[in-house]
Ligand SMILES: C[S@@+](CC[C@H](N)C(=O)[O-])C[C@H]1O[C@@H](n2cnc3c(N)ncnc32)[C@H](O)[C@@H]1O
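Quick setup: one chain, the form predicted alone, written in structure tokens, and binding and motion questions come after.
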Amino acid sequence: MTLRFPFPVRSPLRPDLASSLHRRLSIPSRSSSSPTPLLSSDHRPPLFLRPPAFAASRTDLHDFRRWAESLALAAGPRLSASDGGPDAALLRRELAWLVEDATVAAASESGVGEELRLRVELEELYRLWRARIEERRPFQYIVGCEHWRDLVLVVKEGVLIPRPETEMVVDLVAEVEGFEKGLWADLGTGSGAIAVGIGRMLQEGGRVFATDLSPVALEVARLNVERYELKDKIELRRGSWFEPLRDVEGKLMGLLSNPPYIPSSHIPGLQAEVGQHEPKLALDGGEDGMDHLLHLCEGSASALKSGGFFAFETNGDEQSEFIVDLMSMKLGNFFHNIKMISDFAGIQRFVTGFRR
């Protein structure tokens, strides 16, 4: 399988944002981040990791694919036109990935009508595909994983699906001199994607503190940390933003976050896979999308040590421009070398800088 949906979402900043800065800098806490086997008893493993405990004939599987393709071909134009959802071509690729993850061909069998081993019952495949088309359930939730960088990360309902553009955060960290032995924080870790990506690069003495308010997110992050054998490099902590990091305040080499940054009023208009299924907690950035970003900017001055690095993901150009202006002028006594970094699509997606 390959990466599924990039789901880029951008929204304009409200024009009155600057005038409300002083009122909103003090933001309240956010309310309710070679592999080994998984998992805990309350979470099913990703489809491709389940044992092939079921069977079906090749003919039966072929019938399923014909039925599933007919649904994809019929629904694709409608979904794409309605809200920019998946078209028929993408749905057909997803179908191929689903079958690939779900099947194991018996080594001695090759003819039509002969048996295949399945990781789920054939009836379950029908149910999963109907949920994909009719309920717009994200494909990553269907198969239970997302391919991100060179990782295969566990995901489930209640946890934000890692986006391709966020991969760049790991690359930005790798450019910081001496990052391998420093203390890092990934705030709002979700599935743990950023923390795991960085943790794999750290050397002795290096550590990532990955925080999240959501217990579901922390459970999934724990599975990903364990899967990549990084328990000695990544410590998971529950709490809102800086609250779980009081014991390392002023000691962090780096502070990273992909916070909620979509304006509240824009959530209902997002692609159905996002707005109807992914956790609002991980999407909603308040009235203009800036609530949590402003809180992160203010808190970074206390959290980072001198020379410490920060990288925040934003909704795009206008939010990034505002953050750069804020940290250069209002918080200029604390930070320097502040700049915007473009993502793969040329959008000014990230703001980075250093503590004085």
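Keep in mind that this is a model prediction, so the values were computed, not measured. Heads up: residue numbers just count along the shown sequence, starting at 1.
Keep in mind that the form predicted together with this ligand is missing from the display, and what follows is about it.
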Location of this ligand contact in the predicted bound form, chosen stretch of 82 to 90, 186 to 194, 132 to 140, 68 to 76 [non-hydrogen atom, 4.5 Å]: 186 to 194
In the predicted bound form, residue 269 touching this ligand (heavy atom, 4.5 Å): no
Touches this ligand in the predicted bound form: residue 182 (any heavy atom, 4.5 Å): no
Contact flag, residue 239 vs this ligand in the predicted bound form, heavy atom cut 4.5 Å: yes
Touches this ligand in the predicted bound form: residue 259 (any heavy atom, 4.5 Å): yes
Whether 162, 166 and 282 all lie within 4.5 angstroms of this ligand in the predicted bound form by heavy atom: yes
Option touching this ligand, based on a heavy atom within 4.5 Å in the predicted bound form, out of 213, 202, 245, 152: 213
